[in-house]
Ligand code: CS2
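Take a look at this single chain in structure tokens; it is the form predicted alone.
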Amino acid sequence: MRRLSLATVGSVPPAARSALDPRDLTIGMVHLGVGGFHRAHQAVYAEDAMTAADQTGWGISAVTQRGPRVRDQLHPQDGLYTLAVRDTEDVRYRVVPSVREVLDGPSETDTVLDRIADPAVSVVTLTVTEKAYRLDPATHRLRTDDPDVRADAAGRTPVTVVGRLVAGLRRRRQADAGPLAVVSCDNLNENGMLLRRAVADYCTLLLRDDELAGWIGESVTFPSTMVDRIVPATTDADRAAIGSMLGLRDEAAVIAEPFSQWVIEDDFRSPRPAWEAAGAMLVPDVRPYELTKLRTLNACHSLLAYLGGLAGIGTIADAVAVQDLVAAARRLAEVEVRPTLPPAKGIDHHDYVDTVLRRFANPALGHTTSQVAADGALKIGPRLLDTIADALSRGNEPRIATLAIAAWLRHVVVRRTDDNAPLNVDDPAAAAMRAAAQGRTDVTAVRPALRAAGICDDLLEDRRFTGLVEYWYVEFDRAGTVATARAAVE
């Protein structure tokens, strides 16, 4: 079967073709972290914005962060790929043309830096995952003692996100290429502020370059954003189905749900795409939307992943089908999270919760519990711990949020389902947490593991928190996951 490319895109079924000719598009954006989410989200908004505004100057130079796999998928296809949008009843396909260049960050760093310094580029976006920012979990500042961060600052070819970004900004300053917006699209509270602060720390504390830091402060903005779309991993069966529809082989295809949301802080000194014409919201303050999503959608996602994993359930949709588990998620959102949220214009929280749980129930996505449960140590802070701290400050009992923490701990420390099947855990703090537990998996492992994961002393010293976590941790072992979730809701 021939492969999707500029040479073959003319044979794509008309319903899946873009209104844009990819040959007409020029590069105006750089994106760091060209995974499936970017291809299903920001790259689609870029296409829709160009179509709506009749523009062609917002093509994307997409950069891989950890290796050439995605480049090698997209490069033979001239950046083209298929997005399959699935709901419970049908699938809609579109070939997305907005990625016009694919670079491997580790091996093509110099070209990446030139792109960031290109005067034609005025926006850099990022989806690099929470852990790639190298932030201290307690202070949320750049870990300036991180060996890779320090090596980047010492002058080697940069490998970290902040090191690579600052090197590009330095080159842009030298080229007098004008202002730039750096737009984080990762699931971090106030992601723009955190990235801006990490860049400033790198410049002033490691590079000792106050002039560069000053130029960045004057010329570069870091708008915060909230992004939302469920994008499961693409399977061989998915690629086969898309190939059958296209009549072409597509090694870079992505799958997504119909729902998509992007809220962007309106803080730009440089030109940008007309994202609002594509359905994005440009607002003065992203925080209410960000907190709503992180503490409601992301927290419920994590809860269902941890509970589902312990119960031996493979997908989020199957976890939602268990009444006691979905009841726990609803209680978390409506009883524990809702009182901690500021108003978000245009969002009714009860309707939002209904929409979230309906999206999770979409069986066409096949989103696995293990995929959502990954990197828990980096996710539990904004998703769960902040809600717990706010609830305790109000004198409320965070039963379900602590249930989620206990379930995460059993994933990392015990690594077994209720039926004693092994659980594969991908968590950056796992080794430190198990070392702190000293081989124990009973309740005495809870506090040492939490401390090793970087949980702040204020929570560790609050028996309202640790007492609940320890209680649920024991109950999972005694009664099983579903019964424990049921008891937590009662």
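Residue indices: 1-based, along the sequence shown. Model, not experiment: these values are computed from the prediction.
Same protein, other form: the form predicted together with the ligand, not shown, and the subject of what follows.
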Report task. Name the stretch, out of 370 to 378, 245 to 253, 163 to 171, 147 to 155, where some heavy atom lies within 4.5 Å of the ligand in the model of the complex. Result -> 370 to 378
Report task. Kindly indicate whether 336, 399 and 464 are, all three, within 4.5 angstroms of the ligand in the model of the complex, using heavy atoms. Result -> no
Query raised in the report: Can you pick the one in 229, 349, 131, 197 that has a heavy atom within 4.5 Å of the ligand in the model of the complex?
Result: 229
Report summary line: Residue within 4.5 Å of the ligand in the model of the complex by heavy atom, from 188, 182, 213, 297, is 297
Query raised in the report: Using heavy atoms and a 4.5 Å limit, would one call residue 272 a contact residue for the ligand in the model of the complex?
Result: no
Query raised in the report: in the model of the complex, does residue 383 have a heavy atom within 4.5 Å of the ligand?
Result: yes
Query raised in the report: Can any non-hydrogen atom of residue 100 be found within 4.5 angstroms of the ligand in the model of the complex?
Result: no
Query raised in the report: Is residue 301 close enough to touch the ligand in the model of the complex, meaning at least one heavy atom pair within 4.5 Å?
Result: yes
Requested in this report: Could you list which residues of 258 to 296 come within 4.5 Å of the ligand in the model of the complex, counting heavy atoms only?
Outcome: 293
